[in-house]
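One chain is shown next in structure tokens, namely the form predicted alone.
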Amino acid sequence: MDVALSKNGRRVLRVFFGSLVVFLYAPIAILLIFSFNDSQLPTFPLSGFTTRWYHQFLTNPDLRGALATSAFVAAISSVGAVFLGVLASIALVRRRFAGKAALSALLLSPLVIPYVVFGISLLLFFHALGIPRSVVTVVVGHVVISLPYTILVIVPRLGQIDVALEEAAADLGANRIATFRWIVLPLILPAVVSALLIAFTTSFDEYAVASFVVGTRATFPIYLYGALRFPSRLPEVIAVAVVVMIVSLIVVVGAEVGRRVAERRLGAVEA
């Protein structure tokens, strides 16, 4: 008899799962509580209820500028990573050429390279080319580290599409661009959206690479790291962290619901 299917086994698994959920999400709940604490020190017992920390971060031009910079960098780098990821996925799935395994390993190598090492390498590379550190250098770094995630999401979906659909479109006179636009893209769209969100969140939260190649405009993680050195800014940092987590949760849940609906519709069409 399988131990996991026994009565005691199910109880142990439930306790383990509950403990895991508490371990993962209890810090977020505590962060939410402290964001309304009327004290600069995040300690118990609470001093009172206040919303002034949210008002302070909304009126802080430096913090709002850092958020805008991170959003801009994440938007540009995620679009670039998805664009390159779609092209790379088509080459890896639909084309046969020498060195495909080596190319795949090269494209996925940022997953195993420490971000600190990668950031130093990018810094030396840009310095050798005489390129000053700016938002552009951060975008380039984030495109490279986000590209493997987009490939890993798009390749499985692209592999599920029957090649006969593309061949039928070619027989009817469609060129490769038209075939991709009207056949392939609608079928891989859920994966493309998921890859876009993964790339966006990866870029928005990334600190290690950005810390080496950032210019005068600080990104949100870099601003937070600098603000943590000043205790007076800690409640404001907690408040903005809560807002970012809530917005991220809404986006992720909405995207997941949309992805499932789209896949259900595509599955009905394919059937």
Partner chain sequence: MTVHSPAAEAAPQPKRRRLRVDLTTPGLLGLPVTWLVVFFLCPLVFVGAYSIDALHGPSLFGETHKVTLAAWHDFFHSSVYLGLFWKSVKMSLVVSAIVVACAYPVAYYLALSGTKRKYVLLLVLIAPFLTSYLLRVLAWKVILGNRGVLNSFLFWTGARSRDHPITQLLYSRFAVILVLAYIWIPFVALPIFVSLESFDRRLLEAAGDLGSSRWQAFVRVTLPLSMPGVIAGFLFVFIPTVGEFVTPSLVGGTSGYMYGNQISDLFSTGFPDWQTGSVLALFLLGVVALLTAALTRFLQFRDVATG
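The structure displayed is predicted, hence computed values, not measured ones. Residue numbers count along the first chain shown, from 1.
The following text describes the form predicted together with its partner chain, which does not appear among the structures shown.
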property	result
In the predicted complex, the one of A75, A174, I90, V184 near its partner chain [non-hydrogen atom within 4.5 angstroms]	I90
Partner proximity in the predicted complex: P27 to its partner chain, non-hydrogen atom cutoff 4.5 Å	yes
T179, heavy atom within 4.5 angstroms of its partner chain in the predicted complex	no
Partner proximity in the predicted complex: T51 to its partner chain, non-hydrogen atom cutoff 4.5 Å	no
Its partner chain contact in the predicted complex: Y225, any heavy atom under 4.5 Å	yes
In the predicted complex: members of 28 to 56 within 4.5 Å of its partner chain, any heavy atom	I28, I30, L31, F34, L41, P42, T43, F44, P45
